[in-house]
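The chain below stands alone and is given as structure tokens, in the form predicted on its own.
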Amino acid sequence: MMTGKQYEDEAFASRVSQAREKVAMQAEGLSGAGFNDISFTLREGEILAITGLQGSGRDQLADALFGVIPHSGTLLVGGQPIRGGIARFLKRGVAMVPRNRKERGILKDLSIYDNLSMGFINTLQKGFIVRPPHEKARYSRQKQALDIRADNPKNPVSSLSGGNQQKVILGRWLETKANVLIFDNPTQGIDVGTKFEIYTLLLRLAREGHAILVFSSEFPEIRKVADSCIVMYKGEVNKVLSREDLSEDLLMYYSTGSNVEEKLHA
């Protein structure tokens, strides 16, 4: 009622997985601070959700998959092992829309232009000169593709709504030609209308062949976009649920470790 629009879940409920055969990212026995022995396979066109309660290791795993914190075990991107920091992950086509957008995503004192272009400048830019026509072209391309609503791209990115800031961050990484996209709480602090826009964008990106990881604690969000869901508990994978098995009851059952407690008291 506040937005003056109606949002339907039917398009999300009836959608078909776009997963392809080619593997984009694979983790085998991945361990680090806060998580242990994590394994999964993510294919191009697939949306894999990872969830868990606070302290489940979900946040730390998200950071490790983008090179923020170190890990042991094997992580493959495009079939090749990867280690190192964020710069190396970016050059291998891995990008992240982080949680806590204002703290970790935007540079609030810089312009919309600068925030959108910095991914390209740090990965694909040749030479030291930032050319305004190229910067304008990048912005125009993503403004149209993502429906970024901004009066003037020279304004500070902080002048935008939360949803449009999130779109700028996503546009930043799309300009790097990233194939693996990590979304960490992608609709945090965003109004309901823009949430549906983000969900629609996720499905579109999957259709285009991007491999997508969504870290989220919101069941409605997971249900709308995920092909399958890893449920974490105390730093480990407690259950992997297919889209057909996804329900709020099961998600909470495994997130709280009820199955583990039942075994201990059996």
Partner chain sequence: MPDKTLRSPRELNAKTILKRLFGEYSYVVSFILIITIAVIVNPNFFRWRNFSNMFTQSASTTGFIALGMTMVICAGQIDISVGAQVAIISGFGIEVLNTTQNIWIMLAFCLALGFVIGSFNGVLVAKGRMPAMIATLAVQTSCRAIINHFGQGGPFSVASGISTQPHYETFRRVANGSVRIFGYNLPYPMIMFIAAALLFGLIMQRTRLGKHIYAVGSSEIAAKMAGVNVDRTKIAVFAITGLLCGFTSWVYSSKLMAVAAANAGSGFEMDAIAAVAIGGTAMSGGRGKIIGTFLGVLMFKMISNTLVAAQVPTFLTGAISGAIIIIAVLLQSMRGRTK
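Positions refer to the first chain, counted from 1. Here the structure is a predicted model, which is why all the values come from computation and not from measurement.
Below: the form predicted in complex with its partner chain, not depicted.
S.K.: Just checking whether Leu90 would be counted as a contact of its partner chain in the predicted complex - the rule being heavy atoms within 4.5 angstroms.
M.R.: Yes.
S.K.: Evaluate Asn185 for contact with its partner chain in the predicted complex, applying a 4.5 angstroms cut-off between non-hydrogen atoms, and reply yes or no.
M.R.: Judged by the heavy-atom cut-off of 4.5 Å, Asn185 is well away from its partner chain in the predicted complex.
S.K.: Is there any non-hydrogen atom of Gln125 lying within 4.5 Å of its partner chain in the predicted complex?
M.R.: Gln125: contacts its partner chain in the predicted complex.
S.K.: Look up in the predicted complex whether Ala137 has a non-hydrogen atom within 4.5 angstroms of its partner chain, and give yes or no.
M.R.: Because no heavy atom of Ala137 falls inside 4.5 Å of its partner chain in the predicted complex, the answer is no.
S.K.: Using a 4.5 Å heavy atom cut-off, are Ser228, Lys239 and Leu264 all in contact with its partner chain in the predicted complex?
M.R.: The answer is no: none of the three residues contacts the partner (heavy atom, 4.5 Å cut-off).
S.K.: Just to confirm the contact call: exactly one of 230-238, 23-31, 63-71, 39-47 touches its partner chain in the predicted complex at a 4.5 Å heavy atom cutoff, so which is it?
M.R.: Of the options, only 63-71 has residues within 4.5 Å of the partner.
S.K.: Taking its partner chain as it sits in the predicted complex, which residues of 155-185 have a non-hydrogen atom within 4.5 Å of it? Please list them.
M.R.: Stretch hits, in order: Ser159, Ser161, Asn164, Arg172, Trp173.
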